[in-house]
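Quick setup: one chain, the form predicted on its own, written in structure tokens, and binding and motion questions come after.
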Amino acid sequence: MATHRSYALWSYCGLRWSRVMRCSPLPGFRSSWPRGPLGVRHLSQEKQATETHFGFETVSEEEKGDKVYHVFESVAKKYDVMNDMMSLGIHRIWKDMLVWKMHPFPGTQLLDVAGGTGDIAFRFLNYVEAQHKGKLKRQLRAQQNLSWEEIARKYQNEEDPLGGSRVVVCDINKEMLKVGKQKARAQGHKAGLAWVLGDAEELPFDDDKFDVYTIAFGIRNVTHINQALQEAHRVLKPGGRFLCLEFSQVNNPLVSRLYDLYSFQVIPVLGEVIAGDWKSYQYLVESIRQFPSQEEFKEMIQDAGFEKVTYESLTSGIVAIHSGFKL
């Protein structure tokens, strides 16, 4: 696992931000083991349990980390195509709703964990850029006597179209990050975006650093979910928000039966036909069934130190958005 938990890879987009970050020896990176909300080291405590689940299979904790890494290494190149096929495109709406629920303000510093392909990061950047442009337009409309030259100069002098907002994408898998960077170039995302190779259980960032922490369809693959939640709490600023989009427990019996049939009979076949990988998608389906229910996960978030914890079930509970605040 040591090779998979390297903190060394930083790749920056946006000259202005990268220049600032390079002025000091990687500010915001941690040089010691992570601690929980109460300042107590939790790594050794969490790892006393030697067995866990990998889908429906019982494996050692170290073995699970390796297996999960290889799953996402295998599916990285077809990840977006398979998401569209498996969810019939609905995953795009779920991710849109996560960003709408976030409703970031100008200058928001976002950490998106397990977000290697950039889906949440790109939505965040598009959202804050649209918000910032809208604010500029409203300001100009309020100044009725400006000349055309003054209006044009206002737009030209707008150096940061994001209004100071930034997003750091952190993922443990190099292949997923590689896909995300390729998508960023293709979509023209440059400013306000950084990529970090790091582990959700041992985030390489200082305490109280980010305004928002997001993790979409990633936390169920973490070996120690409690530890990942404690790390999320640690890196958020006081007043910061935790948002998690994850598969959950279906609350309609009929939908549940149809969902099980589709999940176990269709999704692995799609994985084999499209990605040439039956086993990885069989694991992904099984991992969903092993994830806690909405209420159970809510309690876990509260146990990690978050307050005002709520959740919203979407599509009959197939997924849920959980929210909590560091107060």
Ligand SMILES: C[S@@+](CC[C@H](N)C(=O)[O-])C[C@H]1O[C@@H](n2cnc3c(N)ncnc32)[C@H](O)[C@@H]1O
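Start at 1 with the first residue shown and count on from there. These numbers were taken from a predicted model, which means no experiment stands behind them.
What comes next is about the form predicted in complex with the named molecule, which does not appear here.
Placing the named molecule by C-alpha superposition of the site, using its position in the predicted bound form, leaves the pocket open: no ligand atom lies within 2.4 Å of backbone or C-beta atoms here. This chain is displayed without the named molecule, yet in the predicted bound form the stretch 212-220 from 232-240, 212-220, 101-109, 125-133 comes within 4.5 Å of it by heavy atoms. Of the heavy atoms in G116, some are within 4.5 Å of the named molecule in the predicted bound form. Contact check for L162: no non-hydrogen atom falls within 4.5 Å of the named molecule in the predicted bound form. Put simply, K95 is close to the named molecule in the predicted bound form: some heavy atom of it is within 4.5 Å.
Remark: G198 counts among the residues lining the named molecule in the predicted bound form, judged by a heavy atom distance of 4.5 Å or less. Residues I172, N173, M176 of 172-189 are found to place at least one heavy atom within 4.5 Å of the named molecule in the predicted bound form.
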